[in-house]
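Shown next as structure tokens: one chain only, the form predicted alone.
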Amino acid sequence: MATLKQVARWVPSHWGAGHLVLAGFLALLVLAVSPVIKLDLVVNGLFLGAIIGLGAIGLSLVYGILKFAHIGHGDFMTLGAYFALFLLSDLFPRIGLTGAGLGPFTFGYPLLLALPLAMLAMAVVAIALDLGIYRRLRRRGVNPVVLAMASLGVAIALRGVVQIFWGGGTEQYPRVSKLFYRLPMDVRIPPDNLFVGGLTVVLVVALYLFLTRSKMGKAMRATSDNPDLARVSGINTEHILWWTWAIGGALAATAGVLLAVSQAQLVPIMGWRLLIPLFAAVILGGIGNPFGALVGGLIIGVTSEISTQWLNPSYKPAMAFLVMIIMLLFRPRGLFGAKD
């Protein structure tokens, strides 16, 4: 256990970057209560950022352990969302599980059953893809670029699976219309976004406790810091890889379902569209730092939404790309990246 204490510090421990993020959010809040920026965009940007952050956490975990950029992660989100659609629109109605409009939300209680099943399904898919493709490539000694290109092929294949089974049109979960919550300063919040924010908090806290308190979480951090040392210390690194893919796949599925709930629609390219924001969030927070990825996701979400005050919404990915470039120029390691 002595070795497990010599782990990478995934949780920000230096105040410099933390103060920078805090100062940025305070400045943003000041602008939001002024006529410069609509507070409504800031609030909804935080909910979008929570979804991006969940997806980015899984992407960052995969990079932290395997050291390659998994381009297929966005399509993990898509497949997870469509698997939940299959449950809600096909399987559940056959066994009498139907309903929408649970409390203030547009969806019904079946979504609360479909979500954990989608998380489990994508965890299995992620592990299966690693065993069938990525592990074989690693054992052949290929470099990270080849792995990244292989993940691009996986992304295209997963999108093809979605289009084969569900077509290329727009789908949506069973839902009923609900009134938005109206807050002061003309802030309108869809009720489903409260579910998005609340679930994000629960999952992030659970992940934090898992990584910092459990033996498996500490082993994952040790493997990320020094795989060879972890291996000779008796840690089963293959199990660590399975846990990494399972958590990454489950979080991606959650992000995909929440995105479908928040936007009230599913399209086969929904995850692909978020790929640049996902990578931007990972780079902004610090590559390999999952909690930094969450902060990066919130910043990307707010920035993208605020940009729609002056730009066409189709330029949201461009804003994420711009933030990523600026971070690479001025702080290549990200806000919470490790120092040399």
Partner chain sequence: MDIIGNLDYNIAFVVVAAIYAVFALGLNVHWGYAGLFNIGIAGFFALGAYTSALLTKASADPRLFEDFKFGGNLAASFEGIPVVGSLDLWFVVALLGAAAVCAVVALGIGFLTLRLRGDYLAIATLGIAESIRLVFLNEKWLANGSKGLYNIPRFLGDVVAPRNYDYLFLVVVLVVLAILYLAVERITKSPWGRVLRAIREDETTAAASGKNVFKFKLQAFILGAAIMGIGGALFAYNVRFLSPLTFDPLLATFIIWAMLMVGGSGNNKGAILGAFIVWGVWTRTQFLPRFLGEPEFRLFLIGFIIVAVMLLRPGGILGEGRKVSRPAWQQKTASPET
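Since the structure is predicted, the reported quantities are computational estimates derived from the model, not experimental observations. Numbering follows the first chain given and starts at 1.
Not on display, but discussed next: the form predicted in complex with its partner chain.
Next item on the list: Report the stretch among 63-71, 300-308, 37-45, 50-58 that approaches its partner chain in the predicted bound form to within 4.5 Å, counting heavy atoms only.
Entry: Among the listed stretches, the partner-contacting one is 63-71.
Margin query: Against its partner chain in the predicted bound form, would G153 count as a contact residue? Criterion: heavy atoms within 4.5 Å.
Written below: G153: yes, in contact with its partner chain in the predicted bound form.
Check: Are any of the heavy atoms in V145 no more than 4.5 Å from a heavy atom of its partner chain in the predicted bound form?
Finding: Although its partner chain is absent here, V145 would touch it in the predicted bound form, with heavy atoms inside 4.5 Å.
Notebook entry, point to check: Are any of the heavy atoms in R136 no more than 4.5 Å from a heavy atom of its partner chain in the predicted bound form?
Noted result: Taking the distances in the predicted bound form, the answer for R136 is yes, it comes within 4.5 Å of its partner chain.
Note to self: So in the predicted bound form, is its partner chain close enough to Q163 to count as touching (4.5 Å, heavy atoms)?
What the structure shows: Close contact exists here: in the predicted bound form, Q163 approaches its partner chain to within 4.5 Å, heavy atoms only.
Next item on the list: Let me know the one among G141, G132, G103, G96 whose heavy atoms come within 4.5 Å of its partner chain in the predicted bound form, would you?
Entry: Going through each option in turn, the one that passes is G132.
Checklist line | its partner chain in the predicted bound form: contacted by all of A121, L203 and H239, heavy atom 4.5 Å | finding: Checked in the predicted bound form: no contact with its partner chain for any of the three.
Checklist line | Neighbours of its partner chain in the predicted bound form among 276-297 [non-hydrogen atom within 4.5 angstroms] | finding: I276, F279, I283, I287 sit within 4.5 Å of the partner.
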